[in-house]
Each structure stands twice: as structure tokens, then as C-alpha cells.
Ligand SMILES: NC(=O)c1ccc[n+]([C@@H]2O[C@H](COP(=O)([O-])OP(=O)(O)OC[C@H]3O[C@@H](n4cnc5c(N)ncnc54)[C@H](OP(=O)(O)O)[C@@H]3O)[C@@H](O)[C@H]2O)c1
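Only one chain is included here, represented as C-alpha cells and corresponding to the form predicted alone.
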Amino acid sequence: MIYIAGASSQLGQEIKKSGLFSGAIFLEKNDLDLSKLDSLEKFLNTKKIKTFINAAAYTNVDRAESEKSLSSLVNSHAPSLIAQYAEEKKFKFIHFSTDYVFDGEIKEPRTEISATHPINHYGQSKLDGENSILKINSHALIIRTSWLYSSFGNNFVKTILKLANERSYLAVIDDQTGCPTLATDLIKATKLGHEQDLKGIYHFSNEGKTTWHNFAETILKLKRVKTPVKAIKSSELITQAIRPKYSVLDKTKIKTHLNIQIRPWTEALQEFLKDFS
């Protein structure tokens, strides 16, 4: 049986909507709370699992600075426990991670073997999860992604469209560079990775790179929304957590191993916005 944790998360809802994991059991937080290790261990002990996909995570980057124990529990300790049982009981474990494991100081795409150095606790908790999984489980698949958006949950695309209808102008930072990822594209790659039994760390986002400011302008242009977008620096925006200045992911490894082409972020965004209102 395929179990998917985080059914109410942005990614979990998109996985369910896609229908690509037919027959999977989707677990809401009240079915399986990753912050409760005793309950998680009982679940892993009693269920007959063929594949466990972890779409659950602590994703509030700023709040993680003040809730370090909770974010580490969900992003590191729980995945480590799942990895341990997956190794012992011989089931497949698929886990998602983030571009925030990098510090953004090097202005070139990061590969799976590039040196990691998180600059906020969210990134550290996700890196700790990666390291503990790989130490315990030689068959797990970890997919790092970036700037994820979909029709579900809270994400940049939905926020920009909402605020553009409420404000006379938007102020968006222009000194952080990365690449947006359409959740449906990530899920298709994950399905192929599962079918081909990929192991270890892989990167996936859409192709290209952009700044948050240009991302916002592109969203509004495609939706024909006239709200102006002012460019500001990160230093002008007070946040609890520091973000990487450059976190573009190199996708050569996953494209080669899965023999796939990844479409540009602008193409994926255009398709998404056609059906999103």
C-alpha cells in the first residue's frame, strides 16, 4: 500500500488531485501527526507499507526561528524515524527537501553534491532530515525543490494575485534569485522517480531563473493585472529568517536519469494561470 503523509499540504492536495498515485491512502494530520513520534512509530509498526511518500513538513520559514524544536521534530526527527522503518521493513521512502539547504553565496546553479550551508533554521532542519535519512536508509529518494506553487495552500502566486486586487501597488524584493516550481510538474517527476526506483538526492524545479520581483511582474502580466510592482532590497523587508540570495537548482542529474525534459518556469506558469482565477 502507498501511504502519503501531509494530505492537506499544498503538495499533498496536488498529489491527490493528479491521480498519479492510484489507490494511495492520503493521511491528514489527525491521521498521522509527524510531531508525535510515538504515534508515528506505532503507525509504522502496524501498517503494511509498500511506499511512504512524505508530503508533510514544517514550512513556515520565519516562524521556524522561534519554533526550532517543532520544526526540527517535523522536518528532521520524524523523517529519520520513517527512514529507519523503511530500511528495516523494506518499503520505499520518498521525501521532499528544499533549496534553502544552500546559503546562496555562490551565483551558479547548485548540484546535488554542492556544499550545503543553511542560513536559517528551516533550511537547517531540512538538511538535518536529509542527512539522517541518507545515513539510515540507502534506498530513500529525496527530491529538493524550490519556490513551489499550486492551486492549493499558501504560495507566492496566490498571494501576489490576492494582494494585487487589494493594493494600489506591490513591493517585492529583487535581490533573491531562484526558480519557481509548478507542483504538478514536480509530482510527475516524482511518479517517474518512484517507478524507476531512484535513490539518493535529486533536484527538481522548472527550468530557468528569476527574482521574486520578476516572478511577481510575470504573474500579473500573464493575468493582465495592471497593479505596479516596486522593486525593493531584502534589507528593506524585516523578516525573522534570512533567505539565500541565490538558490537555483541544477537539474542535470534528474533529467539524465529519468530521460526527461523540464519546461521553463514561464511556460509552466502560463499554463497554470490559464485555469486559475
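So that there is no doubt, residue numbering starts at 1 and follows the sequence shown. All values derive from a computational prediction rather than experimental measurement.
Keep in mind that the form predicted in complex with the ligand is not shown, yet the notes after this line are about it.
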query: Candidate from 34, 53, 64, 216 lying within 4.5 Å of the ligand in the model of the complex - any heavy atom; finding: 34
query: Residue among 96, 102, 93, 202 with a heavy atom within 4.5 Å of the ligand in the model of the complex; finding: 96
query: The ligand contact in the model of the complex: residue 11, any heavy atom under 4.5 Å; finding: yes
query: 4.5 Å heavy atom contact, residue 145 to the ligand in the model of the complex; finding: yes
query: Partner proximity in the model of the complex: residue 74 to the ligand, non-hydrogen atom cutoff 4.5 Å; finding: yes
query: Partner proximity in the model of the complex: residue 29 to the ligand, non-hydrogen atom cutoff 4.5 Å; finding: yes
query: Proximity to the ligand in the model of the complex (heavy atom, within 4.5 Å), stretch among 216-224, 40-48, 234-242, 53-61; finding: 53-61
